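One chain comes next, on its own, written out as structure tokens in the form predicted alone.
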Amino acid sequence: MDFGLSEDQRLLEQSVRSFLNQQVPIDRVRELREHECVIDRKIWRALAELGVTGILIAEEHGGSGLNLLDAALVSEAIGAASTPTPFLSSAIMTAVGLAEVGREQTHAWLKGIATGEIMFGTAITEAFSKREGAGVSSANGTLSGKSMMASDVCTADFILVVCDGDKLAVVRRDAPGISVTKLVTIDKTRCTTEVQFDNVTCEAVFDGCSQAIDRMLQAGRIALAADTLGCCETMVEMAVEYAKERKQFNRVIGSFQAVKHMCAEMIAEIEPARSLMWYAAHSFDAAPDEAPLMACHSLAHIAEIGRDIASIATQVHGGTGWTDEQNVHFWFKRIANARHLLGGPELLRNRAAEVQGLAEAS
């Protein structure tokens, strides 16, 4: 029995990686980071033409209707290229959240995501972590409050917001009463903001969405784990290539035992992590009862090894690895930011313990 990827899945992964390598090389990412917002709609529309933006959206809404494992392979490719895109917010979390809500009025938004005409940002951090003064509430079809660490809001058309703990709301990005403050993080390949809502009129408010919120968090965490894994793969490849070229004492540094061990240890960390991520993505559709636990384990584990791999790969590059001259820092910073984007390893392990009945629900 073959537990590997199918031929179609491998072709999908290769197609996306080839497209990103050609159309969004790291030099293009360098250019985008100098803009007010790093996200480029041209890239989003081009991904839509490949069928990427609607990968999880049902065919009746104009999407491909594929599974999360397929989407995770795309996310891995995006991470490997360090591509700035709202794929996680729009194509994964919003697509899953709106599909779980399952109301007729979500059709236009899902169709717009699938065609690349619409981008969603997400303000969902308060669903799993709250800071003092943060939180969004709804009343009479309006939203008030503040959401921290919102993703991909800068150039979005709509924002998907978690409010009152178990509700999902859709608001226009340019609706009166919305104030967006760009947050400066080390990762220039992602758009992170603080969003303030002051009696903002909603396009829709959906009640009783606890299951939808849980499912979108599970999907997001698995896709984020795949993104981080892709970052790790690229950092290892860059470290190995550099070790083959850089010379010290008239020898390439890759011939030194210490450097060999560093590279081998990184690869040894990646391979079992890939299997963990694949199974977590597979469980989302094939074994949904296992998905809450697997989503936590996969992201917590890959976030941990990602930090180690990012550090070691940078060390292989020597002192220049810590400078802007070396592209390796793009992936280093993307991994560091992703570590806490949908919950840090400690929070995820606590959540895994709660799922297994080993700790009281917080």
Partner chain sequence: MDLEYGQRYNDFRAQVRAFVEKHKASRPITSYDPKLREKVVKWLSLQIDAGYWARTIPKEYGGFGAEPDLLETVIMDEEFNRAGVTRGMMAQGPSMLVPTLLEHGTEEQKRQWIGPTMRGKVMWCQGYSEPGAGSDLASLQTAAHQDGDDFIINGQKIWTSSADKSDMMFALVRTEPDAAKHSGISYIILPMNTPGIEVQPLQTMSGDLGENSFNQVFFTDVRVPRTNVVGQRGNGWAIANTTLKHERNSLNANAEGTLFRLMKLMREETMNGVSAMASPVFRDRLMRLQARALSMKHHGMRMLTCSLKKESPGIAGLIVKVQNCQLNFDMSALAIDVMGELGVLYDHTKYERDRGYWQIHSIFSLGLIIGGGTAQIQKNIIAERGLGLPREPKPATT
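All figures in this text were calculated on a predicted structure; none of them were measured in a lab. Numbering follows the first chain given and starts at 1.
This next part talks about the form predicted in complex with its partner chain, which is not shown.
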Per-stretch contact check against its partner chain in the predicted bound form, the hit in 286 to 294, 94 to 102, 212 to 220, 113 to 121 (non-hydrogen atom, 4.5 angstroms): 286 to 294
Contact test, all of 260, 301 and 346, partner its partner chain in the predicted bound form, heavy atom 4.5 Å: yes
From the list 207, 174, 271, 132, which entry has a heavy atom within 4.5 Å of its partner chain in the predicted bound form? 271
Note: exactly one of 180, 170, 148, 243 sits with a heavy atom within 4.5 Å of its partner chain in the predicted bound form, namely 243
Indicate whether its partner chain has at least one heavy atom within 4.5 Å of a heavy atom of residue 11 in the predicted bound form. no
Answer for residue 128 alone: is it within 4.5 Å of its partner chain in the predicted bound form, judged on heavy atom distances? no
At the 4.5 Å heavy atom threshold, is residue 251 in contact with its partner chain in the predicted bound form? yes
Please run the contact check for residue 282 against its partner chain in the predicted bound form: heavy atoms, 4.5 angstroms, yes or no? yes
Suppose contact means any heavy atom within 4.5 Å; which members of 335 to 357 contact its partner chain in the predicted bound form? 346, 349, 350, 352, 353, 356
